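Take a look at this single chain in structure tokens; it is the form predicted alone.
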């Protein structure tokens, strides 16, 4: 880990020694800036009981630049598109070097608990969410069972 900045080493050690409940983030063996992430769907949300796979990459300019994060697991959510990209302020305009990997992951977990169809990335999903929230939540539950549960 010697070629990595001290900050990344410290954050990685903390993620491993003091994991966030419902979230795992493990650095890849051959690239310690690349993390394999799992996030458990929050209780009471349409994503409950789902285990979602994500990838997180720390750019060379981290922490001056936000981490790159995307869902690998297919998910029905107004703020996450078909490619797994996430519409979340802390990954874009509200990024600050004071934030950490764990803060970002907690924010993503919170986004699962409270989707925001008024600031969508997946317009079709957001439209469904606004027109028929219960129907959209049912579809999100179906997708969670189909794609985010252990087979």
Partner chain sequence: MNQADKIVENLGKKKNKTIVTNLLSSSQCHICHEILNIPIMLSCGHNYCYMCLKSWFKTNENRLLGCPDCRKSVDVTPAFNLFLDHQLKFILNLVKEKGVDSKWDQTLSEREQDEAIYKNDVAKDMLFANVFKNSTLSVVDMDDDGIPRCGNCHWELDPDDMDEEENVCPHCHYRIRNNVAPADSENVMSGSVRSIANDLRRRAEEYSEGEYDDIIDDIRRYSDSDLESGVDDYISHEDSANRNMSLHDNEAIDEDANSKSENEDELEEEHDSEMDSFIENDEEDNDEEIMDSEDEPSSMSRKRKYSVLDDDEENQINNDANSSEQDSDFYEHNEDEGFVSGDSLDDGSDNEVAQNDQEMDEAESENEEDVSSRKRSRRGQVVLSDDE
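Positions refer to the first chain, counted from 1. Values in this document were obtained by computation on a predicted structure and should not be read as measured data.
Just so it is clear, the following notes concern the form predicted in complex with the partner chain, a form of the same protein that is not shown.
A.B. asks: Report whether the minimum heavy atom distance between residue 100 and the partner chain in the predicted bound form is within 4.5 Å.
C.D. replies: Flag for residue 100 set to yes.
A.B. asks: Is the gap between residue 94 and the partner chain in the predicted bound form 4.5 Å or less for some heavy atom pair?
C.D. replies: Output for residue 94 is yes: heavy atoms within 4.5 Å of the partner chain.
A.B. asks: Would residue 63 count as touching the partner chain in the predicted bound form under a 4.5 Å heavy atom rule?
C.D. replies: Residue 63: contacts the partner chain in the predicted bound form.
A.B. asks: Contact between residue 131 and the partner chain in the predicted bound form at 4.5 Å, heavy atoms?
C.D. replies: Although the partner chain is absent here, residue 131 would stay clear of it in the predicted bound form, with no heavy atoms inside 4.5 Å.
A.B. asks: Choose from 63 to 71, 114 to 122, 46 to 54, 32 to 40 the stretch whose residues reach within 4.5 Å of the partner chain in the predicted bound form, heavy atoms counted.
C.D. replies: After filtering at 4.5 Å, what remains is 63 to 71.
A.B. asks: Looking at the partner chain in the predicted bound form, do all three of 6, 11 and 90 come within 4.5 Å of it through at least one heavy atom?
C.D. replies: Judged in the predicted bound form, 6, 11 and 90 all sit within 4.5 Å of the partner chain.
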